[in-house]
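The chain below stands alone, shown as structure tokens; this is the form predicted alone.
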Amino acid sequence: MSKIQLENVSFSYQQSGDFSYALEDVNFEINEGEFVCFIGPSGCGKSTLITLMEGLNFPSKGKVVIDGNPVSGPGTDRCVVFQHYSLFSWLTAKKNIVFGIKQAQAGISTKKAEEIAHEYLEKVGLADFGGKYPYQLSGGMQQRVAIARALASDADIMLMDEPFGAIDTRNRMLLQDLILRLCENEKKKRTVVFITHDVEEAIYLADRIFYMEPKKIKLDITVDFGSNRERAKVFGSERFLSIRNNLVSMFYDGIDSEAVAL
């Protein structure tokens, strides 16, 4: 069942008096419960897609549809996790999550919101850090709080814009495993849209990968590793190597001609 649709979507912005297109005639569907990664070179329009799905920007042409309805602005059915943790520095980890819950669920009592916040702090392994402020937490821990806040909001759709991009390699791997485990074991099957520059990360996490070149989608790849993935098995498989080589070749496509142009 289709959860998100983009129908002939173009997006332009004004630069030095002229209009420049970030996206042109983009079409795709994301099914309910899918984990979809968008990958491609910088400036190809990945983050623009997130802003359109979030409802912060609107297409110059075409439409973005969620659950059969055109997107008219931000909604509680969607939550966003950014690369930079976007936690409120004056609130503790727990209160950051409580704030997100109250924004998403009007009328919920503070006591209930605090119970939910504690539950999700436990799920991300930070049950003992709820009283800490962001500056007292490492980057990886701050991002776990941001993920807990997103999940606790109970949104159907998680939009994740390079959420692990500023994290060191070890913590990035831990967060990859965490988000997979949480998405697979939650009672509610969420639809995840995940932006990354990391080819191996995309293959490990995704059910489908959209490779983008400037302004459009060039390739739609189904990743068929199923649920409860084991890193060693995935990375050691022939299928992983095949997808990786295909995606890496896309990044190198046209580099020689660009070098000549420079």
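The model shown is predicted, which means the values in this text are computed figures rather than measured ones. In this text, residue numbers run from 1 along the sequence as written.
The same protein also has a form predicted together with ligand ADP, omitted here; what follows describes it.
J.: Could you tell me which of 222-230, 59-67, 201-209, 36-44 sits within 4.5 Å of ligand ADP in the predicted bound form, going by non-hydrogen atoms?
T.: Residues of 36-44 come within 4.5 Å of the partner.
J.: I'd like to know if V9 sits close to ligand ADP in the predicted bound form, meaning any non-hydrogen atom pair within 4.5 angstroms.
T.: Residue-level check for V9: no, no contact with ligand ADP.
J.: May I ask you to check whether Y13 falls inside a 4.5 Å heavy atom distance of ligand ADP in the predicted bound form?
T.: Although ligand ADP is absent here, Y13 would touch it in the predicted bound form, with heavy atoms inside 4.5 Å.
J.: At 4.5 Å between heavy atoms, is L247 in contact with ligand ADP in the predicted bound form?
T.: L247: no contact with ligand ADP in the predicted bound form.
J.: Contact with ligand ADP in the predicted bound form for I243, defined as at least one heavy atom pair within 4.5 Å: yes or no?
T.: No, I243 sits far enough from ligand ADP in the predicted bound form that none of its heavy atoms falls within 4.5 Å.
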